[in-house]
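First comes one chain, alone, set out as structure tokens in the form predicted alone.
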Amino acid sequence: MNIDYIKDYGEVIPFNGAFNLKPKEKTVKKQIKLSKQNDNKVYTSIQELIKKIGLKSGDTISFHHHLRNGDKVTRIILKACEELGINDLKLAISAIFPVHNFIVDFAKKGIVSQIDTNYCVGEVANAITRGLFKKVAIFRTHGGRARAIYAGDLKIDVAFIAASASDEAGNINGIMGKNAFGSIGYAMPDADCAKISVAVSDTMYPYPLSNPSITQDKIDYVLMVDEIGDPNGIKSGTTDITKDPIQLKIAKTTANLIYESGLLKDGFSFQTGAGGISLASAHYVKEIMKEKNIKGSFIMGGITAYLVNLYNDGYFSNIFDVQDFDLEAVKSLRENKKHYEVSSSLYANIHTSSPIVNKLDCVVLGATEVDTNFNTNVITSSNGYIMGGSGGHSDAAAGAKLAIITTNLIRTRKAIVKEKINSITTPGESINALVCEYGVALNDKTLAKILKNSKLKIIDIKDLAKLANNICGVCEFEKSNKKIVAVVEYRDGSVIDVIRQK
């Protein structure tokens, strides 16, 4: 990539390998302040609080996404900013869902000028793709966002942190209260480093709040609102095992691949997503563990009821939880002693001593496109429109001993495996294998030796691309020189790709 500088992003450090960029010696600490016994932290007027903290045009404000498609906090704050005449805001929000479609109107009014996120779907994604926002968007990974905050690359003026429970001093969590949504892990770096941290809650408990996820020394103010959101919105998208016979075949092949790799033994650690194939893969892994009497160490990632059941049934001893995808997972986080809430930095920040992803044996991931070098796209569709984001994709792929992409070879009459792809999110060097309905493609010489006598159908990824071409026709790759609308930042802060306007 021959780009040195991108307006409203800055100097470009090109991606040069998953572990080749050494960190700069800098960290951001929370500002020092004087606290007195009678200081009042609690506000009920949003406008009064915003005036108090001095939020102004051009600032960066952050939000976390644990309420997912049930979030109401972002709208509440932006509406107040509009009423106070504050504009040109950079929105550092860890993920964007259809509930946030209203942000497009705020962009048209000039109130929001830039998006910094890890995942984006809905009208905001379309608006970024069309170049509607004044400034280029930045897509990071979950671990990369934490890294950027601690390194000072993402400077947050005010962090607005939704909390389902708070006390008057600012001890907060997401597991208590009428709108409990679970882990609050993505907001922890924000609370550590933002110039000002504001907890936004709808349920006040007597001091001291039990089991605080973020403690009072990191929260400057508490804003009480009528409702932070609808926790039923955290179950957005499918969290059920697929019934599609082709996808079940892919999932069963994936489980057999994991077992034959030699990693599925006592102490096994595993991350999988909440999608249909991923959960089906977890189901078939469980069947093997049951048959072989294997006891795993930990499961991680977005937590669902299915993963909680694996813990409750004794297949795994621990759960590491950075976000919850259903209310059963929230209940487990509240009640199970070895269901641990972790920060996004502990989960996946490459510039810490030891993120948990480095202890993963295996991760099962999805893709919208994969090229013949195993480079993987999870941000745009095959027509170049933004429809997702890395989330923890690149983080887990880099850390795990075995990173597997599962996908149909063809989806909606379009090839998924092809010579070139629209955008690279996760580099091929982090991917060990791809599983589709036609077999297993390997990108790991050691694994290939282990599977030399396997009954699995091993197929070259270039042959998969040819097969897809034969079925769908050759996919023409359209190189664009239109303006850059989004920067795809790798987890270490280098730039792995850019997305251009459609």
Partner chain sequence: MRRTLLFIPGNNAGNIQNAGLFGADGVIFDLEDAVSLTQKDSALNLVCNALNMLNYECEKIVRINLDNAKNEILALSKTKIDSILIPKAEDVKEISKLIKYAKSLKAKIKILLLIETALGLLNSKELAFLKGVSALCFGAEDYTSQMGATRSDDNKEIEYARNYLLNVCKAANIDAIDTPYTDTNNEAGLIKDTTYIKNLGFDGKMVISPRHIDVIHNCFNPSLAEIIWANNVLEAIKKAENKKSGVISLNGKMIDAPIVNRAKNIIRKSL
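Because the structure is predicted, anything quoted here is derived from the model rather than measured. Numbering follows the first chain given and starts at 1.
Form predicted together with the partner chain: not shown, discussed below.
Peer 1: Report the stretch among 95-103, 382-390, 259-267, 240-248 that approaches the partner chain in the model of the complex to within 4.5 Å, counting heavy atoms only.
Peer 2: In the other structure, the partner sits against 240-248.
Peer 1: When the contact criterion is heavy atoms within 4.5 Å, does Tyr438 count as touching the partner chain in the model of the complex?
Peer 2: Output for Tyr438 is yes: heavy atoms within 4.5 Å of the partner chain.
Peer 1: Could you tell me if Val474 has a non-hydrogen atom within 4.5 Å of the partner chain in the model of the complex?
Peer 2: No, no contact at 4.5 Å.
Peer 1: With a 4.5 Å heavy atom cut-off, would you call Asn470 a contact of the partner chain in the model of the complex?
Peer 2: Contact with the partner chain, yes.
Peer 1: Can you check whether Met176 is within 4.5 Å of the partner chain in the model of the complex, heavy atom basis?
Peer 2: Met176: no, not in contact with the partner chain in the model of the complex.
Peer 1: Taking the partner chain in the model of the complex as the reference, which of Lys401, Lys135, Arg130, Lys252 has a non-hydrogen atom within 4.5 Å?
Peer 2: Contact residue from the list: Lys252.
Peer 1: Please identify the residue among Leu84, Met204, Ile410, Ala169 with any heavy atom within 4.5 Å of the partner chain in the model of the complex.
Peer 2: Of the listed residues, the single hit is Ile410.
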